[in-house]
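Only one chain is shown below, in structure tokens, and it's the form predicted on its own.
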């Protein structure tokens, strides 16, 4: 085992994995974290802790990861290249490992101009592929990025994100191949609403044999309203929301919108789990963590291994 994490054990045993996402609060309120974490306990094999997603200041992903460890919940700590140079990243990697974190998701990070401090200076000393290679070398070669030897290496199950829907579509599987070559163990995808296009991406992934080298978890998310579906379709870069999804949410009306959003999410889970090479799903409820147990139950994934 590379890290001995619960997520690694479940995927390595051939079980269909379920991960979920927890967004840290825009405050120092620990109770918000514990409330969200407790709602996810027992229904997710590991929980992603976002790292100031959309470049908005939130509680530290490493701190929240440590809080989850103390609660008996396994975290996947996200780490972006936006705010740290290689010295700070390696320092944080050592600290996270020492605190009991066993899964690390390597991201470039959203540009700061989209967040609540657009005037801040970015770093981007490394990109996500360079970060993956650095973490792998620290784990497997026991070396810092500069080549200096490590006495005690961090043991992480290394992950990355991938968007099958960005343009140019024909190069998306090749981009995943670069991350595989750099050393990832698993990948979580952008939210899937267009299952047909995701299935075509998986065909290209299989042609490259990538599904046999890494575990692929399809991203899914419940919609709350027709307005949310339209916003994601028209305003969120890299999102692909087909008209039929928007029409289904609109037809549900305001009173039934959340119920229909959950039904759509479960329908998509049932479709993607039948696609060869998909090893699990990653549920991104976006400030609606308490709905995750219902989605997992309706998808037939309880009890967890």
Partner chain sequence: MIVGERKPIQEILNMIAEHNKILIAGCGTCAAICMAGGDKEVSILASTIKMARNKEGKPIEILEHIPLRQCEWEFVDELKDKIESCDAVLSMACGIGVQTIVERFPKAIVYPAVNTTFLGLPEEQGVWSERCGACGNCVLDKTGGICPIVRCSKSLLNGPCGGSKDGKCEIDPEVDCAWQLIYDRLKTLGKLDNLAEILPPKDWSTGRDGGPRKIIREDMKL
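Positions refer to the first chain, counted from 1. Treat the numbers as computed from the prediction; the structure is a model and nothing was measured.
Although it is not shown, the form predicted together with the partner chain is what the next lines describe.
Between the options 167, 149, 207, 212, the residue in contact with the partner chain in the predicted complex by a heavy atom within 4.5 angstroms is 167.
With the partner omitted from this view, the residue of 155, 200, 178, 143 that lies near the partner chain in the predicted complex is 178 [heavy atom within 4.5 Å]. The closest non-hydrogen atom of residue 237 lies within 4.5 Å of the partner chain in the predicted complex. When the partner chain is considered in the predicted complex, residue 182 lines it closely, a heavy atom lying within 4.5 Å. Put simply, residue 219 is far from the partner chain in the predicted complex: not one heavy atom of it is within 4.5 Å. With a 4.5 Å cutoff on heavy atoms, residue 113 counts as touching the partner chain in the predicted complex. The stretch that touches the partner chain in the predicted complex, counting heavy atoms within 4.5 Å, is 120-128, out of 69-77, 120-128, 89-97, 223-231.
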